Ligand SMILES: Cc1cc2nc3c(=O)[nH]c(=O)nc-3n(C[C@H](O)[C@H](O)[C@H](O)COP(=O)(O)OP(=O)(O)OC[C@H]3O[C@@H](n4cnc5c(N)ncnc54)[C@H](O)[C@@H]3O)c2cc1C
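Only one chain is given next, in structure tokens, and it is the form predicted on its own.
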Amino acid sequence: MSRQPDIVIIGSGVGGATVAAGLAATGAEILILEAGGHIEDRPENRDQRAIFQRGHFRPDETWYEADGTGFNPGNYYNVGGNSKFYGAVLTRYRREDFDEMQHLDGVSPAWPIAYEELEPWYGLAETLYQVRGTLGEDPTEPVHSQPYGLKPVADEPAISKVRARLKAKGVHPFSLPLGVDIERWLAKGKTPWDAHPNSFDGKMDAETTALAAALKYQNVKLQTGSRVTRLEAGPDGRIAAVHYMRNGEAAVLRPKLVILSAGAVQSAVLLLRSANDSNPNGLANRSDQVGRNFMNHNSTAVIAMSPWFRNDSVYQKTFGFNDFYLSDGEGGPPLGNVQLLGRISGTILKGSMPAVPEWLLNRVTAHSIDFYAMSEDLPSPESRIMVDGNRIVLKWVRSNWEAHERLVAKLKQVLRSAGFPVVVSRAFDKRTPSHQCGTVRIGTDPKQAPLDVFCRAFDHQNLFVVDAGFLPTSAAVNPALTIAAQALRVADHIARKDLAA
């Protein structure tokens, strides 16, 4: 761009790419700044030893716990953000997730908007991300004003048999809504897609769908290798400048609007590091809530084994069930969602069990099926992201863990009754970013939330934060589609209120 852009979008993940797609047709000059680069089409993309044993794609980055202990967080910095590695499950929050919900460990607060407000945007997001799915299988499914445009990804024969076993036990398996062109994916390599990087191989991530749609317009540009270091607020409270580094050189942009979509952690970090005399606690932080209310799903891998079951599936991840989502199945509190993991091979499993021979792990996984149990993490102001100089400090106060343990126990019971005598589990820790969210939440009261219901900062009228940070609750489903739906809603609002003026 030869002149200053009208809009700078910081980050090209689901939030940033989708809001760019929603704004592209307005004609506004839009520049997307991405800290990383494109994931190249390389053999490592389907090399499970490279991915899971050698950590080829993990960033060279250290975050710190409150006591100073360092850890590698496992977040990714590339065009498309974490969606390049995601499981492509594009699920709507349940309608009840927008209302106040009593959990075993406390209350999940109501959203400042109802499900019905977001419902049309969910449909548009499903179209943009080419979601494959079907209605009528899941009793908790909220109302859809339009059906899925594409048929669900089919179960492989071994997985179909397990689905039938579960149905026979009274469980309600449903086809996961997936953003995967399975023929294209398998044509590149016979692997699952969950946690495998995507280079236009058939997975519908932020780059391959939303960003690709936005870049069809000449007024939208992507600039990689551009890490934003600070936002500069002017005397009137508006964001006057975006400071970033590219190729070792400092640069400045002065757009009319800034959309921050760097991810729940990095967006909060950037706002905190942009403190000035007028905003000593960081930008958009009159409420002192920036960085607070960090949530990360309580998640556990559950592996069910039987010597009489032969799992010859390649990708596996095609169904889930919500029988314990709105209650524990016996009138008790909600527990969470269950869905299949991408097929776990011995090669994958050895990454977390290095002392066990890979051939033995392959023997075990040939007779096992792998599930992912996920429970809501409740928002708390004491669970937070902080900065200490150049350090990112994560103080995660995990909540609702007893409910999650009950979910895992329920799942194990169901699987044993379905013919799997041996069921083991392993919880994911903070090194696995299990849908981080909530650090710059939306609300209606500037004293309680940094953003209004359209993700506009109360303190800075030309600043929006559109990524998982805006989520007021984590629910117990994958958040990508909800982020995309809100991004399209925000883009429509900006087009009508800011660009039309």
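When you see a residue number, it is the position in the sequence shown, counting from 1. None of these values were measured; they are calculated from a predicted model.
There is another form of this protein, the form predicted in complex with this ligand, and it is not shown here; the text below is about that form.
*Asks:* Could you check which residue among Q266, N322, Q316, N285 gets a heavy atom within 4.5 Å of this ligand in the predicted complex?
*Replies:* Looking at the other structure, the residue within range turns out to be Q266.
*Asks:* With this ligand left out of view, choose which of S274, N78, S383, T209 has a non-hydrogen atom within 4.5 angstroms of it in the predicted complex.
*Replies:* Going through each option in turn, the one that passes is N78.
*Asks:* Hey, in the predicted complex, does H367 get a heavy atom within 4.5 angstroms of this ligand?
*Replies:* H367: no contact with this ligand in the predicted complex.
*Asks:* Given that this ligand is not shown alongside this chain, does T300 nevertheless sit within 4.5 Å of it in the predicted complex, heavy atom to heavy atom?
*Replies:* No, T300 sits far enough from this ligand in the predicted complex that none of its heavy atoms falls within 4.5 Å.
*Asks:* Closest heavy atom of Q486 to this ligand in the predicted complex, within 4.5 Å or not?
*Replies:* No, Q486 is distant from the partner.
*Asks:* Would you classify Y86 as touching this ligand in the predicted complex, given a 4.5 Å non-hydrogen atom cut-off?
*Replies:* Yes, contact at 4.5 Å.
*Asks:* Using heavy atoms only and a 4.5 Å cut-off, decide whether all three of I159, N337 and L411 touch this ligand in the predicted complex.
*Replies:* Checking in the predicted complex: none of I159, N337 and L411 is within 4.5 Å of this ligand.
*Asks:* Would you point out which of 134-142, 287-295, 254-262, 355-363 contains residues with a non-hydrogen atom within 4.5 Å of this ligand in the predicted complex?
*Replies:* Selected stretch: 254-262.
*Asks:* Enumerate the residues of 201-235 that have a non-hydrogen atom within 4.5 Å of this ligand in the predicted complex, in sequence order, or give none.
*Replies:* The stretch 201-235, when checked against this ligand in the predicted complex, contributes S226, R227, V228 at the 4.5 Å heavy-atom cut-off.
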